[in-house]
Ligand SMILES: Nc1ncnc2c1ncn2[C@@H]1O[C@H](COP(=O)(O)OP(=O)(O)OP(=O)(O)O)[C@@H](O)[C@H]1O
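The data below hold one chain only, encoded as structure tokens and taken in the form predicted alone.
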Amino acid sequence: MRVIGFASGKGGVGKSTIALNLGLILAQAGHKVVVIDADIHMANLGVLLGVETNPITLHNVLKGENSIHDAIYEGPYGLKYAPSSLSMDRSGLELGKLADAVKELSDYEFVLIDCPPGVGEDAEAALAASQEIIIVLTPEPSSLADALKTKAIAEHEGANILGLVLNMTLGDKTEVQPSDLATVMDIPILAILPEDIEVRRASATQKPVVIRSPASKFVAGINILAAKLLGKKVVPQPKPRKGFLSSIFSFFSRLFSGGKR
């Protein structure tokens, strides 16, 4: 069993979309996969799948009312998913139960955890429940700064950071460049995903983009990510020139490394 958490320092970077569609690709390839929506404050995994309510959710598990197996549902391609509740009631949740619940899923090959964004207790609990971490960010300095904080927390929790997924890229020279990210974050880039209108259309129709637009550029990038996780050979993406924002990233790097560089 591989337990992979998808983390971000801020919301709105596409973390849930990436985790869900990656899970669908792995399931379609014949792997036993479950995606857990651990974002207890802003749950949207069920919404992305077009399922807006479930009788038992992760909230019931964290309250000690149900087993994690009771909160798992069947999705497309044989994918399993455990949603969080859309209710605003957060009373009685024991975040530490998440790690124990994940341990009960040993019959799955992949457990993908959609972690809450930020650095709160809920995010720390999701990172602690993960064996491996993929950090998702967008190509802007504020997202990079938040990603550095997420990296620090993941390292503190003892998780193995697999690498970065750079999402919503336009290929513009003013964006944070992959070469800058690799230098500042000091972890590999697993995939570079483009800003793709098909992702928005999929979200609007509540149908995953892997199903709705399998030939889209976004899905091509998710396939690259899946291949890397499965240890398959991937044609390397071209390395862009170093961006002119390098000085800003060097500043962030010195800031979060205590001035050591």
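All of these numbers come straight from a predicted model, not from anything done at the bench. Residue numbers here begin at 1 and follow the sequence given.
Absent from the display: the form predicted in complex with this ligand. The rest refers to it.
The stretch in contact with this ligand in the model of the complex, judged by heavy atoms within 4.5 Å, is 190-198, chosen from 61-69, 26-34, 223-231, 190-198. Using a 4.5 angstroms threshold between heavy atoms, residue 75 stays clear of this ligand in the model of the complex. Contact check for residue 168: a heavy atom falls within 4.5 Å of this ligand in the model of the complex. Though the partner is left out of this view, residue 22 does not reach within 4.5 Å of this ligand in the model of the complex, counting heavy atoms only. Shown alone here, residue 203 lies within 4.5 Å of this ligand in the model of the complex, counting heavy atoms only. In the model of the complex, 39, 44 are the residues of 23-60 with at least one heavy atom within 4.5 Å of this ligand, listed from first to last.
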